[in-house]
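Have a look below at one chain only, the form predicted alone, in structure tokens format.
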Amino acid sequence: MGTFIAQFLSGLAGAASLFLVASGLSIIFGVTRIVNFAHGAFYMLGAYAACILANTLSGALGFWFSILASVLIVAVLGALLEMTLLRRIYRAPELFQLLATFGVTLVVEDLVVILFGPDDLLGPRAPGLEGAVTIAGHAIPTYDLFLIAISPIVLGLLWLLFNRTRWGILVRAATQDRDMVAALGVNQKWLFTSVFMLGVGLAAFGGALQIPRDAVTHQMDLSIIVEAFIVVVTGGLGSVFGALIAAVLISELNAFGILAFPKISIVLIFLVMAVVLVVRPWGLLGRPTGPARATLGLSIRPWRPMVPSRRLAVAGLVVLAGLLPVVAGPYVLSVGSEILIFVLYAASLQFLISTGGLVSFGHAAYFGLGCYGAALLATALGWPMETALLAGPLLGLAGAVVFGWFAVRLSGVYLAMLTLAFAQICWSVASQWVDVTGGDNGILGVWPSAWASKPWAFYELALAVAACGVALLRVATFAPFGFALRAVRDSELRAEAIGIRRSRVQWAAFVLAGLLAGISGALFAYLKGSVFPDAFGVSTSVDGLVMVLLGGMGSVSGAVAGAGVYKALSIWLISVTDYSKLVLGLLIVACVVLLPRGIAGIRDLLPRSLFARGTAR
């Protein structure tokens, strides 16, 4: 019993910072509809600021002053970000906002390393709270009891702020209908800025309170943001009380999962989120959101199949790409193979997003399943590469069949977060099912057959598969199935009125995209000769989203160019600088702000006379 109580209290203490971060995220989304991926970065900045100030200033007064000062400093930084960047994209689709804030996260990660160094920082103990209290025979840190008391106090203060002040009434009104609030003469800009400052300040407060418990690292942003998203989505976007309930639930699952289910402890929280979203699509205490904003550029120019002259031009480009081994060495061909694999991966994601209007934050699930499918067949069963490449992607197909069936029952941010949950469940299984997947050590020795072991041969194989895959997606886009999918994307009600089964069509899109992502994953396993859980990681999913955005979300195959540019640039940057994240982050932000229609949008900036009319991009 004593162990149970100690573990329960440990879970409650862990819920404090998680609630602070998640409540800030929830408040920001409730009013501004911004899916702020940079929220974890503000949590990290709060921890760094508090740690440096607390180590500089001595005594109890210095420690608590450092906590408050770090909150103010980071809140001001958040306000600057909101005024200079986010105001420009409030009306953009959620995916643009997510990618812009993801770019900010990359920039902050490298800036922190530049300013404070790569080593972890240790903060001082909280003065007056250094000891422990014996409860049920177990010593419970006094600071943990202090953290347990923080959550209800903050919740009470937020309730008073939102229910007993005019500012709070305006915020709640904006949460319900921000256009109506603007029509009543309320200055929306400053209202949004103040809300963003509050949310960012809560994240910084959560980070600052962690310095007596944990080391401050430049990777703590990504570790907290995934859990914060889980809490917000499980509790209900925009619901602070729901965030508290979900934070306690997730933290207790973490605390007891390690004891009761050590082999699936990481999976539990994602399973809970998935179950909650399937049973209650808007979270425990959330409300249905409005329809998702239209993707920029989708309705500006109707898509049409390529005219014969353009098909010949594309075929000529493929032939030229096939001649690369004549002039390039093994390294360039290896890089070329990786780019082609991600061309297919990004094209499959673009089919979901641009053609189907289904934003997936977890497309890496099918990529990773394809990786592991091929790797397991090759190493555990000894199948040759040819057979493993055919059968391995079927694991990605199976994942798409199962995950897609649940995902198409949701929409908007909730759909995106459910796909992320499925990808994280796959990642957790790959990390913890050591007997089969090798855990963090992965699966090694996935080598191609002798005929494909030469870099030029594997490059030609990757080119052929990528070209066929992209062609298949274009055929599907302009087939009756593609028209039905686009009809559902543009108007669900009208599509269903003419007899189109929305869920069935969207499910089929998931299956097709998942199969092609699985094929790209199987090829990737043979290119690298090994497979690791990172194939399911958030970064793999975000990479795909960036490629789609860079290529142009309003285009049919813009992701081909986006994947080529992004992958080549990222590989080159890693080889020439230690701060590749900084450059990539700035590139992403610049692309969102200056070129929202991506590389395909450059064409619209040029005179129309340069192009044949009536052709699809």
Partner chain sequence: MRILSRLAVAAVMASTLFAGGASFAADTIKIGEINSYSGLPAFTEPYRKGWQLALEQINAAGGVGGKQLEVISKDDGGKPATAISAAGELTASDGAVMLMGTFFSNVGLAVSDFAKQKKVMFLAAEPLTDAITWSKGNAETFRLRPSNYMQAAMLAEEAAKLPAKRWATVAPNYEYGQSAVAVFKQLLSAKRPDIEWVGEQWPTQGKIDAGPVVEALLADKPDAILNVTFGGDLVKFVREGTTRGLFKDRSIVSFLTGEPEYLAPLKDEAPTGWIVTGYPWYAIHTPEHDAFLKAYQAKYNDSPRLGSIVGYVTMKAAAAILAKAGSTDTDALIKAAEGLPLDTPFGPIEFRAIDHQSTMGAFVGTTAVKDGSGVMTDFVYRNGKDYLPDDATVKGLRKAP
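Positions refer to the first chain, counted from 1. Predicted model only: the values in this text are computed from it and were never measured.
Not pictured, yet referred to below: the form predicted in complex with its partner chain.
Proximity of Glu386, Pro393 and Ser520 to its partner chain in the model of the complex is absent: no residue of the three has a non-hydrogen atom within 4.5 angstroms. Only one segment in the set 405-413, 353-361, 154-162, 443-451 has residues whose heavy atoms sit within 4.5 Å of its partner chain in the model of the complex; it is 443-451. Checked against its partner chain in the model of the complex, the candidates Arg88, Arg280, Arg502, Arg125 yield a single residue with a heavy atom inside 4.5 Å, and that residue is Arg125. Checked against its partner chain in the model of the complex, the candidates Phe524, Phe102, Phe229, Phe510 yield a single residue with a heavy atom inside 4.5 Å, and that residue is Phe524. Taking the partner from the other structure, its partner chain in the model of the complex has a heavy atom within 4.5 Å of a heavy atom of Asp144.
Among residues of the shown chain, Glu496 is not one whose heavy atoms approach its partner chain to within 4.5 Å in the model of the complex.
Its partner chain in the model of the complex comes within 4.5 Å of a heavy atom belonging to Leu320. Though the partner is left out of this view, Arg489 does not reach within 4.5 Å of its partner chain in the model of the complex, counting heavy atoms only. In the model of the complex, Phe524, Lys528, Gly529, Ser530, Phe532, Asp534, Ser539 are the residues of 521-547 with at least one heavy atom within 4.5 Å of its partner chain, listed from first to last.
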